[in-house]
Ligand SMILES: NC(=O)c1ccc[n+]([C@@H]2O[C@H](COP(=O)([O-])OP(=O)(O)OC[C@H]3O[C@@H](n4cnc5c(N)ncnc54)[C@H](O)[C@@H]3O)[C@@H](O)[C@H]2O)c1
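Heads up, the chain below is alone and in the form predicted alone; it's given as structure tokens.
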């Protein structure tokens, strides 16, 4: 039976870092949340955290680079939670790569996760959104993609990562145009330096500490995952219903678009 009261959101890469913060914030906002992650143990822990706080959540094991897995995960989410309203394509890889060091294997791995993963997510979400009756010009579904400050400006030693995140901005704009008349919005969020396990690894790979990044940020502090989650919560809410095709920078003023 369809759930007519609670909206349902699925967040990929939600087992830690920014994805976990997004899932917690959406759950607090009243969404039933599907915690999708390659690491099922991490996903289980976040789902349990939400349930313990009085929310509704399930965990789903997902390799976003696998199209069939993505469709299955979205269908499972819709079946178990009684609908499907928001997809947050948050999962991604962030390698540090000098130009001469990029290999075909690295290219394939990163692009399959960061770009193809978003494409499969868009397709899988669309399959669910097209099942929903639309009243007038209402929004029937939202897709929210993770790009990056590095997808707005090319960063040193991030040839592969920046390229993939620029691609996410492009596919966000195309999907927004193609799906607008069906009542589906597609937007992206672009974090800067966020204190997460992935960012700490990037710092180590560049021979830096997290504190070395602070002078790059106008607000003179690094981002907490919840700073990003607040932006995603806005994009998932009805407050953003008239916004589509946009990339919202949430980088503390690393740059101004």
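What you are looking at is a predicted structure, and each value in this text was computed from that prediction instead of being measured. Residue numbers count along the first chain shown, from 1.
Although it is not shown, the form predicted together with this ligand is what the next lines describe.
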Give a yes/no on whether residue 120 approaches this ligand to within 4.5 Å in the predicted bound form, heavy atoms considered. no
Interface membership of residue 220, this ligand in the predicted bound form, 4.5 Å heavy atom rule: no
Residue 16 within 4.5 Å of this ligand in the predicted bound form, heavy atoms: yes
Can you tell me if residue 90 lies within 4.5 angstroms of this ligand in the predicted bound form, counting non-hydrogen atoms only? yes
What I'd like checked is whether 124, 142 and 185 together line this ligand in the predicted bound form, meaning each has a non-hydrogen atom within 4.5 Å of it. no
Which one, 48 to 56, 24 to 32, 192 to 200, 212 to 220, holds residues whose non-hydrogen atoms are within 4.5 Å of this ligand in the predicted bound form? 192 to 200
Partner-contacting position among 113, 152, 86, 81 - heavy atom within 4.5 Å of this ligand in the predicted bound form: 113
Relative to this ligand in the predicted bound form, which residues of 151 to 166 have a heavy atom no more than 4.5 Å away? 161, 165
